[in-house]
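Quick heads-up: it's one chain on its own, the form predicted alone, in structure tokens.
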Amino acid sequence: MDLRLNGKTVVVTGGSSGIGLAAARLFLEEGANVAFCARGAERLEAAKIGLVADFGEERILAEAVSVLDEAAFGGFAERVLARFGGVDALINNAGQGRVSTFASTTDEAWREELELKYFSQIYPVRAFRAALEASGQGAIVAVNSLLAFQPEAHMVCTSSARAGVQSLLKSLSVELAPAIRVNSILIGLVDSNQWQRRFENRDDQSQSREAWFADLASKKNIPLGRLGQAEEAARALVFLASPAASYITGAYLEISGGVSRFV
């Protein structure tokens, strides 16, 4: 299938690792220009070096910038537009999960989590809205979590924030239509740096990575019997951001191995 991304420009937040980096690579493979950002300069530079080695520098722009710093992100947006002349798709991927119960979540933690989840959507949309409208094929795709519909007691703060973000995205899909399509993916357990850190801190240090992840998938009752891979989530992002998905907006696609319990 021709996704018609050749020559398009895509912005990816949280693009230095995991799903964001996998998406950046897939967009480049489809012929798109890619601008990506992340907070950590060292990891971002390593990601850029790897992509430049495979695709050259002409279609790549990478900057260390926080999506929560509106002024800094606005500067990033200006440089993206100066470099590529426009933007056709925005992938909002910044954010991570917070493990806490209601009793253990402080007021400060609530504020931090809600700010991260909401403003990692709000600031990028504000910064690129005009460019996406001018594209004629503008698309926004957010990486959200299954927690938005299936909250977990040990992640009460993140679950609540994820649900609110999903409502925001649905509202945006109406307000920004027809110029910009807005969709999301809901991820379950995807192999990532976060899960790698938990593996490294495992109680049984003799257990192999393969065995530990297989045991995790079993405990979580994932029907496909394994965690997802970043590339599997990235493929969905690339499709929803592309002109091939031109009649899809206000929708979400679950990437979870079948672990959801809702209908």
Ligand code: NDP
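Remember, it's a predicted structure, so these values are computed and weren't measured experimentally. Quick note: we count residues from 1 along the sequence shown, nothing fancier.
The discussion below concerns the form predicted together with the named molecule, not included here.
Of the candidate stretches 207-215, 23-31, 193-201, 54-62, only 193-201 contains residues with a heavy atom within 4.5 Å of the named molecule in the predicted complex. Though the partner is left out of this view, S145 does reach within 4.5 Å of the named molecule in the predicted complex, counting heavy atoms only. The shortest heavy atom separation between I19 and the named molecule in the predicted complex is within 4.5 Å. In the predicted complex, the named molecule sits within 4.5 Å of a heavy atom belonging to I187. Heavy atoms of T101 never reach within 4.5 Å of the named molecule in the predicted complex, leaving it off the interface. Put simply, of P151, G164, G86, G97 only one has a heavy atom within 4.5 Å of the named molecule in the predicted complex, and it is G97. Shown here without the named molecule, the chain has V65, S66, V67, L68 in 65-82 lying with a heavy atom within 4.5 Å of that partner in the predicted complex.
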